[in-house]
Structure formats: C-alpha cells, structure tokens
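A single chain comes next, written as structure tokens; it is the form predicted on its own.
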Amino acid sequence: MDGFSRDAQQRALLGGTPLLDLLDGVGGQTPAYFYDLDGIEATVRGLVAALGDPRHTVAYAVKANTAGSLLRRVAAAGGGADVVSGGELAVAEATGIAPSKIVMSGVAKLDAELDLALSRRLLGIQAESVEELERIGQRARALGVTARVALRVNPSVDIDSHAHIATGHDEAKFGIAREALPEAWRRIDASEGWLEGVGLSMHVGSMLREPGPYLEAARVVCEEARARLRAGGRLDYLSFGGGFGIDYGEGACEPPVAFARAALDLLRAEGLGALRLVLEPGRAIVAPFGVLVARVVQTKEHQGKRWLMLDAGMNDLLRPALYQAHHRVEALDAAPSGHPWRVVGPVCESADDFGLHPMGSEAPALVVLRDAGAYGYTMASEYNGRALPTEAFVSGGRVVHVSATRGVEDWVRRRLEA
C-alpha cells in the first residue's frame, strides 16, 4: 500500500508517482485533492480478508469520502457501506454496493430517505431512538413492507477524543440508552410484523488509537445481544461501528486490521460467533491515501514570525478549524526541516489556520497537506465565494479520472440567479 511517501530526492509521491507529475494531470490546477485508489482498494481487501467469513461485512462509512471512483473500488474489494442519507444510499448502490451490504444510520432520517431504504431491503436501518421506531413502522406500513431494523445502542463509554467526534457518551444525540432498550424491543415485537429486529449496533466515536475502548463498548452490545436472544428474539448481525484512527503525525495508531481481528475475536469469545459481524470504518480506509495540494500565494513576516499563505483554506479542508485537527503540511520538493512557518489559508476567519510546520528558510511554491482523504472534500464549502477544489483519482501511478472544479464563474452565476 503506497499512499504518501518520498523518494531518494525527497520529492513527495502519491501511489509511487511524484505529485508534481500528477499535478500536471490536472493542468496544474490548485487547490486539488489526489486519491490513491489502489491503496484504498488494498485496505478494504485486507479488512475483508481479516474477517474471513463472507457473512461478515466491512461497511465503509460513505460520509468520509463520497466520490464514485472511490466507492467503485470499495465495491470491487468486497466492501459494503454505512450511509447516513438518501443521497449517500443512492451513490453507494449506483457504484455497485449491494443493498444486502448496506446499513443506514443517522438520527433524523427523513421520511423520503426511510422510504428509499425500505424499498431497497437493506441489511439494516439502524434506529437511533425509541421514537424513530414509530416513524419507521409507519413508513413500512404505508409501503406494505417489513422494515429490517437494528437498534443503535449508546454504550455510555467516554473516549479520549475531541468532543465533536465522541459519540458514545451520555450527552450525545446518538443512540438508544441501555435502560431504554427493553421498551425499544417491546415496540418492535408489538409492531404487528411491520418491524423486524435484526441487529444491534454502536459507534463510540472517532480516532481510536488502539482497540481497548472499542472493545469495551462492543462488550455492551454483546451483553444486550445475549439478553435479546435469551428473551426469544432473533438477531442477524452485530455492528461494532468504526472510529479506527490513523497517524496524523502525532503518534502511531493500530492498523485497521488489528481492530477487525480484535472485534472478531470478541464476537467469538462472547459466544456470538453465529452472528454476522459488521464494521463501519471510514477514515482508516481513505484518509492516508488522499492529499490536498495547494499553491503558496505569498508570505508575510513580522517580529520574527513568518506566515505561509495558501490558495487552500478552511473552505477546502475544514477539520483543523472545526476541531483543531492536525494535518502535516510539507513542501512538495523537500522533506520537513528547519524553521517553522505558520500556514494559513485565504478565508476571512482567524480559524483558517493549519498551524506551524517546518519548511526551512525559503518558502516553497507548492505544498501538500497530508492524510486528507477523509472528511476533506465532503465537508468543503464555497464560503467567501471560493470554488470547490478539483479532485483527481490515481491508479497505476497516473491520474485516471478528474472531477474538475466548477470554478468561481459558476458560483457567481448561481448567486446572481438566487
């Protein structure tokens, strides 16, 4: 698996090819995202192989990166999908992912989205509240179908992460509290067949560096699964969610296959090996295989401080502004070294700041923001009248597809029409 690397001359590479050469493939347009499709597909294949049994499902969290070129590689590698909207469901299915490998999550699914999911007979619609079960049942009755539902459990496990990406604690909007699960099962059993309880799921949060907290929360799901089976219920699958972290340059993380193997071992140890295991990784599959290339517009120096000002900003990569995430910023033609520059974007917000990065005494012409394959383009905006960036997809060492920016002119036209 390639992803980002450097050659003997310290040139930045993606998928083994110099990024300067790949940039030529998009006409030198910046800002531009580049994705190593081969590395992404190999990661999914590795996870599928680690689970072994074809019943088990690697349900890629589509929200991390919704590009069709990427999703087709996930499908080719045997992956499924975790979707949180009707749009994501439509894209996942159109790129070859079978409905039987798709789960739908989300706390406020629209009726139209539920109708779409019900018409596709997904592996499971993952209900996030007791109240949602009533809505799912009503839509199923209106369509004359039985809804396959799983209950998303809030495991009441607080992880060491930023508050914006911790989802399994008591104050989170996600999931059903354990004490409310008996009422949830009662409503399913009393639904006159419109609701079929097929699973239990959870997601404790993101950027888990090792499987310990992940397994702690998964044990809660296993306990509740055994309780349901003892009561005479039937289950098809358990989802332990995703949240596997990656190394953004701040310390190593266990690889995604370590989480997959630990999850499978736990399922068996808990006496639930007959059930299908579903995992929902997103970041760990795509983040290390995507980069954002930006051009240096100008520099600024004052009282010993130095700023490097890019044509890419928080509108292109929101994570640093949203929750102080760290992305390594490096020159394309030299390894990090020397005096640090404060790297900032063009947006009129103080939060448009990528932090301090060592790049020597001379400012580079082009930089790369590493590990940007997840929650980059999908969270991008046109704030300040700035066009969405170009996306380029790399396979076999060359650009095989380009999704070009629509440009500022398109933004101007649409705003004038508003």
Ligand code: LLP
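Start at 1 and count along the sequence shown; that's the residue number. In this text the structure is predicted, and so the values were computed from the model without any measurement.
Beyond what is shown, the protein has a form predicted in complex with the named molecule; the following relates to that form.
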Check: in the predicted complex, which of the stretches 387-395, 372-380, 34-42, 354-362 has residues with heavy atoms within 4.5 Å of the named molecule?
Finding: 372-380
Check: Among Arg139, Arg328, Arg319, Arg209, which has at least one heavy atom within 4.5 Å of the named molecule in the predicted complex?
Finding: Arg319
Checklist line | Proximity to the named molecule in the predicted complex, single hit among Gly80, Gly345, Gly199, Gly243 (heavy atom within 4.5 Å) | finding: Gly243
Check: the named molecule in the predicted complex: within 4.5 Å of a heavy atom of each of Ala61, Arg152 and Pro281?
Finding: yes
Margin query: Contact with the named molecule in the predicted complex for Arg73, defined as at least one heavy atom pair within 4.5 Å: yes or no?
Written below: no
Margin query: Given that the named molecule is not shown alongside this chain, does Tyr323 nevertheless sit within 4.5 Å of it in the predicted complex, heavy atom to heavy atom?
Written below: yes
